[in-house]
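Same chain, two versions here, written out as structure tokens and called structure 1 and structure 2.
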Structure 1
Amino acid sequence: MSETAKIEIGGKSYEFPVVTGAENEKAIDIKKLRGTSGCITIDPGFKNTGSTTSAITYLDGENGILRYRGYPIEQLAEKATFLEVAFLLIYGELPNKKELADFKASITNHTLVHEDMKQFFEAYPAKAHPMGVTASMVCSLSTFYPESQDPNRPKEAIDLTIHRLIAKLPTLAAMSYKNAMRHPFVYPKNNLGYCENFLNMMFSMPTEDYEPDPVVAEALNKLLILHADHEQNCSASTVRIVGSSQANLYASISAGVSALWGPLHGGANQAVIEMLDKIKEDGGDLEKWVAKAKDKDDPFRLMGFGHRVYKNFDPRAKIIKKACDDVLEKLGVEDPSLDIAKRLEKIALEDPYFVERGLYPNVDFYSGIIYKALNIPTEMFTVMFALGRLPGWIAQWKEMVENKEPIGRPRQIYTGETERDYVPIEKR
């Protein structure tokens, strides 16, 4: 017999089915709650609400497990390329040699953006935040490909839009950086790999060629894989709910970029470096700042420690810590902020206060250190996150469309004034 849950409201009992997921997670299916009882549920932030069923990513925060389509994140980060993982997330299976070659060829064929887009970049002020520019540019792609605005196109047409977006986002991201630096744009080099091509567009100058360091490219590959998807987070849920209105893929992804921008989501790695710089400018006295972090009455919080979902450890942090160490050793970077970061890491891993509360360095902590070591400006950190998260957003959008999910429309409990009559302004 199927498992059910009973809810009693006003002396009446209502029964609802219990849904069991592939990893034995359980959920009460309340689709008919309002229709049968006249009630809804209240769940601020949707912390206990499943908005969908999904076959993309499995996350177990209590046990530190993250899997894409069943594959452990540890194996993918160690053995796969970012484009393999992108294919896996979007199409459900790892590609064979031919599928991967065709996928790479299609991506390579679409890395250029329309020359008219240069005028958009030139219209932004030099201090325009790269995330605002990136979100606008992604949305504007739909105006260059008006056929993409129909969500009910054949599979081949949808795949073309997907491949264009994966190909063009690194180009747009690099252009947003170059524009902020007031440097000339660098065109894609299609003989380079995905990560190497992006690094080349970021750091090449007219007077000298840039040779991507294999250690740096490998670290970037791991970072993109680790960020590729993370279940129904704020930005993924945003992409799904915007897409549920049958908005085109470009518009839906642009909304995801905007959601990622916030410091409570993708902006956390930028906040890490800003925190380290603040400690450095104060003299680098870590004992003082650690004491402030322990003081519950002090508003200061350590950024890049602990996680809202992972309760014991973030499996991605263990992987990226090694890449971080490799990059710092290879580049031989000397930076007071990075020295503070390494000392802070040691404290967090050994101090009982942090250990008992699960305040371990997370993926944002290490990714921020890597980006700083690569001389990527802090305002670009969240754009780097968006590059990695793109295939996850696409997979979430594609799954939502293919499942023909209804338009997102949360309910509310009204707490404002009850009915009252309009009073003419002369009597107020």
Structure 2
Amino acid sequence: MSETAKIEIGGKSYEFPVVTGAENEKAIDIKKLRGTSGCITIDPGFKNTGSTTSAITYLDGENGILRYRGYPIEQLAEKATFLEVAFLLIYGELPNKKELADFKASITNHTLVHEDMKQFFEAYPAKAHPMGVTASMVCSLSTFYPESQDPNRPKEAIDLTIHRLIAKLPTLAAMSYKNAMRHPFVYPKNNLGYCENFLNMMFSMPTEDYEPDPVVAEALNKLLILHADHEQNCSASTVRIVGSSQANLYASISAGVSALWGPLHGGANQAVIEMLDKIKEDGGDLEKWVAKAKDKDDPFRLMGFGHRVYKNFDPRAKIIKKACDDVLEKLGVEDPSLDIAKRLEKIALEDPYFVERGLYPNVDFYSGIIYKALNIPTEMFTVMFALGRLPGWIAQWKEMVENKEPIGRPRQIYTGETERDYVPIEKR
């Protein structure tokens, strides 16, 4: 006998099926709610509302668990490469040797972007934020591959678009940085690995040879894996809802880049470093800034703290915090921001305001410190998040399409004026 939930409203009782997930999470299936009771539910920010069922990523917010297709994030971050994880998220299984070789070869051969795209970059002001440039460029890719706009294109064509995106996003990201620096673009090199190629496109200069540091490449590989997916977060939900209208994958991913830009979401990694710099410049009075974060009349929030799902600890933050010490030591980097961040974490986690609300460091709290040590400029931090999140967005979009989910169109409760007649201007 399957479990059901009863709702009583208007003196009538209605029964709805309960859906149980692979990890025993439960949801009330309200597909028939409006048709039977005439009512809808309302839940701003969808804090209690599931938009879909998904087999990609599992989060347990209370126990700090994150798994991609069942594999614990701790193991993937330690043992896998980013392209292996991308393949796992998108196609559902870890690739065997041939699958990985074919996947890598396809991506390697699509890293170039059309030469005409260089003109777009030249039209941007020097200080154009790379997230604005990247979101535009990703959507513009759809104009160079118009066949990608066909919702009924075959699987092979969809795979080609997927590989083009994974191949070209690092190229576009590096071009947005070089453009901002007014430095010459650096072309991708097919003999370099995914992370090494990105670093070369970012930091190579015509005046000198550049050799990607293996420590930097390894740290980048780990950071990209840690950011690769996170179930129905704001940007993934954006990708799914845009894709649900049968907009093409480039347009859907571009929308995800835009959603990620917000400081409450992926933009927090840039906001954390700016916050730490502001605290440092202000004399480093941590108690003062923690008090500001608790003050409801003060708009200041402790950036990099808190999470919609994790109410205990973000497993990614734990891994990144440890990686901070390793990477900075290996690179011989001294960054006072790391010390400030650690002391800030300690003060906050001894403060009832944060503990009672389940506010702990999230993935963005320490990631910027590593990006800084890798010489990634602050305004590129959220672009780095997008590079990592791309395979997750693609996997979420692909699952939505393969499940033939309906176009996303939430309902509302109207609270405006009831019917009234037009008033001629003379009488207003």
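Here, a residue number simply tells you its place in the sequence of structure 1, counted from 1. Just so we're on the same page, rigid core means the largest C-alpha set that superposes within 1.5 Å between forms. As the structure is a computational prediction, the values presented were derived from the model and not from experiment.
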Self-check item: Form predicted in complex with s-citryldethia Coenzyme A - structure 1 or 2
Solution: 2
Quiz item: Superposing on the rigid core, do we see a C-alpha displacement of 2 Å or more at residue 362 between structures 1 and 2?
Solution: yes
Exercise. Would you say whether residue 351 is displaced between structures 1 and 2, judging by a C-alpha shift of 2 Å or more on the superposed rigid core?
Key: yes
Self-check item: Rigid core superposed: residue 261 CA moves 2 Å or more between structures 1 and 2
Solution: no
